[in-house]
Ligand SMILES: NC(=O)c1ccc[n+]([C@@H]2O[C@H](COP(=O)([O-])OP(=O)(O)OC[C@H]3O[C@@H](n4cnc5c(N)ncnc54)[C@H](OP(=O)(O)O)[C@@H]3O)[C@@H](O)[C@H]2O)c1
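Coming up is one lone chain in structure tokens, specifically the form predicted on its own.
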Amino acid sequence: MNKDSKITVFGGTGMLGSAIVRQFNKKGFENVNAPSRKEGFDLLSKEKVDSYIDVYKPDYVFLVAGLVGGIQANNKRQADFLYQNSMMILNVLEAIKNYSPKTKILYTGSTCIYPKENPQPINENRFMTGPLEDTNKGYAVAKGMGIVACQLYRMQYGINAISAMPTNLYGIKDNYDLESSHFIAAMIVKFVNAKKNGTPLQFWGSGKPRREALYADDCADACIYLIQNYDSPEIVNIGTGYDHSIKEYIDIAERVFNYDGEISWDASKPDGTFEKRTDIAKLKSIMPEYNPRGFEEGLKTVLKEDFNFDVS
């Protein structure tokens, strides 16, 4: 990969995509393109994807776009999550096959592709070995299909497609809509509202399930490294290698926000998968210098950049 390589980031205005663009800019790359819906581009339109790949013929593509959300959004819109996330990767792979077969593509799935019950930590060999978590089955099936699609297009057509499985992400430009956001983003908004407006703090479930939380810029670094240095059909986890309980994340946020109010729990709401910690030994063998930041450091950066919130 050269500084003038033609690089496309599909999903480049979202949290992970913008982090990838940001990291490329820091490294001095001069030809990074992030087509967006605001510009009339739509990954669900085969014609638009075909036209883009045919005209631009990128050297490298990152497909990090997707319809995403937390437990509530996933559970309410299972079919939407299945259809949209499936069509995005299929449209891009078909376009690369037909118009730019030398393009290398990195596709990001999700650790929700793994069965709902796993030995911890979860290594890559657990893919397609058991039943999925019911609350996000549509999303998980679509992401799993995307992995298989990358492998099959590589095998049949010689497309250089690789797949990475990020764990739960948070970071700058996250989705902060309480109806559709993931846990970390929703937690941040609730704490900000509690500090500014005195809004009562309530969280779902028991607080006992354990989750990883990876800062998006650290995931972006790993994605860029993989597209430069990895060439295999086998998937690679991108995580932290450790986790916290939901309650422990809230305890950290309490400390960062200097919050001393009451917190309640709605036990009628689902917990989701109890534990989902990724094995990152494979990533570390490829990228020995990989060392993601801790949650408290990442949280402080998000509050400063997205909320102009002083936590000093």
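Every value quoted in this text rests on a predicted model; they were computed, and no experiment measured them. Just count from 1 along the sequence shown to find any residue number.
Only in words, not in the display: the form predicted in complex with the named molecule, which the text now covers.
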Exercise. Is Ile246 a contact residue for the named molecule in the predicted bound form, using a 4.5 Å heavy atom cut-off?
Worked result: no
For this session: Could you confirm whether Pro292 comes within 4.5 Å of the named molecule in the predicted bound form, counting heavy atoms only?
Result: no
Exercise. Does at least one non-hydrogen atom of Met15 fall within 4.5 angstroms of the named molecule in the predicted bound form?
Worked result: yes
For this session: Classify Gly298 as contacting or not contacting the named molecule in the predicted bound form by the rule of any non-hydrogen atom within 4.5 angstroms, answering yes or no.
Result: no
Exercise. Going by heavy atoms within 4.5 Å, which of 186-194, 224-232, 113-121, 165-173 lines up against the named molecule in the predicted bound form?
Worked result: 165-173
Problem set entry | Residue among Asp42, Asp251, Asp50, Asp271 with a heavy atom within 4.5 Å of the named molecule in the predicted bound form | Asp42
Exercise. Using a 4.5 Å cut on heavy atoms, which of Met88, Leu106, Ile147, Ala95 is close to the named molecule in the predicted bound form?
Worked result: Met88
For this session: Quick one: name the residues from 181-218 with any non-hydrogen atom within 4.5 angstroms of the named molecule in the predicted bound form.
Result: His182
